[in-house]
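Here you get one chain, nothing else, as structure tokens; it is the form predicted alone.
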């Protein structure tokens, strides 16, 4: 199929090769063309605007940081909405405020077009291994049309329901992920301060009932001391999602006390100048607070 792709950051550059490998033609757009250069070597075509990327495409994807970025590329005279064909489908994979996602989708509906929210759960590592999962919400018939293409990105594709529910679920999922990883860091730090060698504690955790995929690929960062080099999700990026969850809880009247506590540890990372490290750097914060390092 002919596919347009807007947003060629780390995740976009992990997704596009999978679409190309599946035989699709991909035309990409990014605010900074230079960042897209690795994709040109794989055969990706270039568009000067999101509108141009959408014009000849049967499916258009976007994945960017926040709701403002989605609105900027999706709406307006040079946006996806201006170029999307009536028989095409636009899927936004960004993790943003659900109400913001619904507002953008409403503009597509007014124009007689289809937008789905389709956030992806995974990192560049899980994408490379073919283990990413996608959650999709909106028009079910449109979902069924694009599902075969989504399976080229990841093997687990789930239809969630009405517009906005997939991104709402993704926000809840990301909150849980942050809580889980911070709990892991806290447990390892506690065991280590008590005299258990770090590598022994990590190995025991990963063999226990608390083990999970996210701990399996973040644990080596603690052991090898490469936290600052990892790109799975830095503190700022994870806190963006955590703040979405806290705001969602406030709006809906749902208590999220563990989320609030986890967010405070992310604040501590930022206060110590660790905001651009993978958020498993919380482990280092626990070590410092526990008197195990500077």
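These numbers come from a predicted model, not from an experiment. Numbering follows the first chain given and starts at 1.
As for the form predicted together with a small molecule, it is not shown, yet the points below apply to it.
Stretch-level contact analysis of 151-159, 68-76, 193-201, 103-111 against the small molecule in the predicted bound form, using heavy atoms and a 4.5 Å limit, identifies 68-76. None of 63, 59, 39, 269 but one reaches within 4.5 angstroms of the small molecule in the predicted bound form through a heavy atom, and that residue is 63.
For the chain shown alone, residue 8 is a contact residue for the small molecule in the predicted bound form, at least one non-hydrogen atom being within 4.5 angstroms. Residue contact with the small molecule in the predicted bound form: residue 52 places no heavy atom within 4.5 Å of it. With a 4.5 Å cutoff on heavy atoms, residue 246 does not count as touching the small molecule in the predicted bound form; it lies far away. Using a 4.5 Å cutoff between non-hydrogen atoms, residue 258 does not count as a contact of the small molecule in the predicted bound form.
Using a 4.5 angstroms heavy atom cutoff to the small molecule in the predicted bound form, all of 12, 29 and 94 count as contacting.
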